[in-house]
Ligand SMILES: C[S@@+](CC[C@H](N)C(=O)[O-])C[C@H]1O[C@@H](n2cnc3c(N)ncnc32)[C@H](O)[C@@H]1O
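Quick heads-up: it's one chain on its own, the form predicted on its own, in structure tokens.
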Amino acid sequence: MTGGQDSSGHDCHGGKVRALEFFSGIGAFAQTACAFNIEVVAAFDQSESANATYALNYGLQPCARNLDTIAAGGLPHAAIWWMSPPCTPFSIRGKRLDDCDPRAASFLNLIDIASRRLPEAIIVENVAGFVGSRVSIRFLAVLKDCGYQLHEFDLCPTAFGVPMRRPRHFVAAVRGTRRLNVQSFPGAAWQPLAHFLDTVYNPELIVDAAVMERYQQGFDIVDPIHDDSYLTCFTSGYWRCRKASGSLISLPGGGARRVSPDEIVRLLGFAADFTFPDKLDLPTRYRLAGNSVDVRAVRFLLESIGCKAMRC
């Protein structure tokens, strides 16, 4: 036992529960941890822009090393592991190479380390295509062999009353003295889309008229004046893709604009004071926002593994 913590990742003097955030991105887990008795002691991501955003908002610099070959000794002890591995090996928009995709190697390595480290709780987020994949089957088998109690969740912002469809698959697993509390969805009241949108926006967000004319049939254009309006899932390629990468907002005088990166993270439940570094350009901000996770889903999952909310 070193540094006042036991080997499970708890502070021996009644302090915060230690957590690791793998594939941390802009820190949806860290954003949520402040409402719980949880301290993120290390985060890992290879994106320089994501790490700069994370450090700016949470005061912790993520480690940029490759997780494909990291050893157990390179990870601090922690009770909770959050993992949001690359979705490309499982996405219907990709080739679905599964465990043959090099981008799955880091998650496979962490599965092996977890089977030896045995954190109290593990939560994994990915796209719906993760279900039934060879990587998923291996992961679930390891969890069961190691004595974890687990549950799989399909969560979407709409379950929390948010007007955006972004379905994601989650696996929550606990062992030892922890027990899963599989809750029903909160049934939150529907929030109109207009509540999440800026009244003043960057003119750069307006879609060029020639692009609108050519691709309009493939666009999902949403009028926020209607209280039942909702947006479809934003991808990391929203800025460059012409269609099937996220909704557009119709403009009163005709035409449409993109939803801003700030509006996307607002829809994902990030706090009002969340910010991107000034040096990041618009396409990079879109990529980071499109790769992130719904904060409300993270909160729901933390409550499901027995974490109790507190005042920040």
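Note that residue numbering begins at 1 and tracks the sequence as displayed. Note that the structure is a prediction, hence the values are computed from the model and not measured.
One more form of this protein should be noted, the form predicted in complex with the ligand, which is absent from this view; the next part is about it.
- Only one of 33 to 41, 252 to 260, 277 to 285, 59 to 67 lies within 4.5 Å of the ligand in the model of the complex by heavy atoms, and it is 59 to 67.
- For residue 267, no non-hydrogen atom is located within 4.5 Å of the ligand in the model of the complex, even though that partner is not displayed.
- Within this chain, residue 247 is remote from the site of the ligand in the model of the complex, having no heavy atom within 4.5 Å.
- The ligand is not shown here, and in the model of the complex it never comes within 4.5 Å of any heavy atom of residue 157.
- Using a 4.5 Å cutoff between non-hydrogen atoms, residue 106 counts as a contact of the ligand in the model of the complex.
- A heavy atom within 4.5 Å of the ligand in the model of the complex is found for exactly one of 86, 119, 163, 224: 86.
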